[in-house]
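What follows is a single chain, given as structure tokens, in the form predicted on its own.
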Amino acid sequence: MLNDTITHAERELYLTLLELAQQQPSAYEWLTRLPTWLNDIKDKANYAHAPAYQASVARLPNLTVNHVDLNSDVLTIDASLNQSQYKQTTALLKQLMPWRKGPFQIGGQIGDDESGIKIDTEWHSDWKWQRVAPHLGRLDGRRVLDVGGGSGYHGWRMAGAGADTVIIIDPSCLFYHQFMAIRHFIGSADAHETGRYRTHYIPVPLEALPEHSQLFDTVFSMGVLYHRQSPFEHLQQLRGQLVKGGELVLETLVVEGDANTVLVPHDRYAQMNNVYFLPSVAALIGWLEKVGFSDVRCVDVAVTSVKEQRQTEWMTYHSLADFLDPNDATKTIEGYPAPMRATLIAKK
């Protein structure tokens, strides 16, 4: 028997945007585009694997969930799985590999490997959240946009921190269906008292959104800026989604240097061919101020370790250890400085 998780989640998204549009008319433009956005991600002509991903989500078993913890480093769905459900669920979730952002635990308690499924993702996304969370303004009751949210791990954590509405955007067909797989087990655990879901996913890039929507109190862009050919355009688009006085949380790759230092990799950076601009923290502060942000501050700088980003049973491709110089871990395989990430917070 197939479940209707995706259909139900999309209906909840539609109703959430409809409610929002009654207060903020700019959301009506989102509503007019929504059918196209949701149809495109399921179109086999666009994404060859889309039907298989949908089938994997639809075949996930319905479990009796005792408790969901969205405010835990390992996003935990405490449920009882019998052996058949364990095997079925594990096999279906593995059809949605590679799992890059997490971790997640479905069934049993952490450490109880017999009855629970631990999705040990490539990234320890919980470590990033631990670095970012102490510096955030309050998320309670706020509308939040998570740009490039991957599987949705950070979006769920935002809901766990009390956000009223979280909209995750990412154009990846795989990540959309990973989110829906987790949504299947979380169910209404993130719902308002009205029963309406708080956490939603729209499978589009930032540039597909209506400009200057000004719908969100907080906007996150984590791990996206260095993939953009026009970083200023990205920053302006982020600003256009914020209400006046809203907060931007920007996390990106940086390099050491002064206000004039920007690394533009010649070809690949850490084996990624879509990395364009790696500024210094000082340069990045200047960029944010130039597009109109104020109160810009850097709250964290961290070198990415091979313990934070690594190959796992759930992500079996090459990972950070393969992208560093085998004789000097302070450099990438191409000879650039090894990945270092900064988190900046700014106000509109």
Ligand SMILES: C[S@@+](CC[C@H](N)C(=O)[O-])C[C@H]1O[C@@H](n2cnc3c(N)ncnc32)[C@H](O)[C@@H]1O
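The first residue of the sequence shown is number 1, and the count goes up from there. What you see is a predicted model; the values in this text were computed from it and never measured.
Keep in mind the form predicted together with the named molecule is missing from the figure; the text below concerns it.
- The candidate spot formed by Lys101, His154 and Tyr226 lies fully in contact with the named molecule in the model of the complex, as each residue has a heavy atom within 4.5 Å of it.
- By the criterion of a heavy atom within 4.5 Å, Lys128 is counted among the residues contacting the named molecule in the model of the complex.
- In the model of the complex, the named molecule lies within 4.5 Å of some heavy atom of Pro205.
- A residue is said to contact a partner when one of its heavy atoms sits within 4.5 Å of a partner heavy atom; Ser172 meets this definition for the named molecule in the model of the complex.
- When the named molecule is considered in the model of the complex, Leu242 lies well away from it, no heavy atom lying within 4.5 Å.
- Just one of Gly246, Gly160, Gly116, Gly148 comes within 4.5 Å of the named molecule in the model of the complex, counting any heavy atom, and that one is Gly148.
- Checking Ala189, Leu263, Met222, Leu81 against the named molecule in the model of the complex, a heavy atom within 4.5 Å turns up for just one residue: Met222.
- With the partner left out here, the named molecule still marks one of 85-93, 205-213, 133-141, 192-200 in the model of the complex; by a 4.5 Å heavy atom cut-off that stretch is 205-213.
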